[in-house]
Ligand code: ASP
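Before any questions on how it binds or moves, here is one chain, the form predicted alone, in structure tokens.
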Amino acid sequence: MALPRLLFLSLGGTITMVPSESGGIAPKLGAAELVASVPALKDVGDIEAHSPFKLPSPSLTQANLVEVADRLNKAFASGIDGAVVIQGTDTIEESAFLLDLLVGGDKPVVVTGAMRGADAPGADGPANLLAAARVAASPASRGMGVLAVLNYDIHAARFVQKSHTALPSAFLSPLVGPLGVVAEGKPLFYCRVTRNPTLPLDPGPPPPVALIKIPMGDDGRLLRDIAKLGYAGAVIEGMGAGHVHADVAPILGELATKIPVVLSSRSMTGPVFTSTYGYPGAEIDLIKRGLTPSGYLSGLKARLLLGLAVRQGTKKIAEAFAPYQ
């Protein structure tokens, strides 16, 4: 029986990093070198490996991920059965969700990386690569959108979050938990998610969207200039279930007359409310002033969705966020 055809795309990140002459570690290894470092991969799939970028993940852009999404769509159309995207962990939760919004079809896309450099004792990169490949090669992974696999946990892109700066167990899905685990050499899914709609893959980066966290006592002065700075939209991380100081509410209402404004929560997880709190600055007030609730999406992910949605027109924004309510 022929092995599944797998595409490995390496974008850089800690998993590719070794000591540099300038001190510290830096991305040096490519996809082919990573694949060669894990001999067991040859038994998982027929692997094609490419390195579109060699960047630390903070330097990845939405334009880079749009390019990756385009490559994945074309690869699947040409007969590739599954894909593994390798990158730094700092932005995995954003990259995975952006790919989830742009890569169509039901073939598996798995994003992975490592918390420790390639030369570190106990480097977690090889185990993560092998686990990700096994998930990408499995028919059980089809139809759930983009997945993130790290530390043997399998996460849905829409839920996964980085929760620690150092531990190999840094990735959690605090709202629902992981979908499954890689054990005894195969993925075991304890639950499944329904694939959410994808958005058109237009060339080039989405327009810029501001992300503002609202702390206690903030007077909203940063909000007044967002539209003037050329942002096409804004995501506001309110307190609790989506709340701001009463004096900030009219500023947000005025901003919403100029650009689309989405209301999310600065809390680690949980939905933005829509119909519970009625005081000035609470969610009912803000929604009446024109803000769109982000549902259960974090501010980071709401920003990505809004950037793609505004390219389709402001009337499409509520429709884009509806599946996440």
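Residue numbers run from 1 along the displayed sequence. Just so it is clear, the model here is predicted, and its values are computed rather than measured.
The next section is about a form of this same protein that is not shown, the form predicted together with this ligand.
For the residues 56, 299, 281, 295, the 4.5 Å heavy atom test against this ligand in the predicted complex is passed only by 56. Here is the short version: of 72, 244, 115, 156, the single residue with a heavy atom within 4.5 Å of this ligand in the predicted complex is 115. Contact check for 135, 180 and 187: none of the three has a heavy atom within 4.5 Å of this ligand in the predicted complex.
Note on the interface: of 250-258, 87-95, 228-236, 135-143, the segment with non-hydrogen atoms within 4.5 angstroms of this ligand in the predicted complex is 87-95. Interface residue remark: residue 17 is counted as part of the site for this ligand in the predicted complex, having a heavy atom within 4.5 Å.
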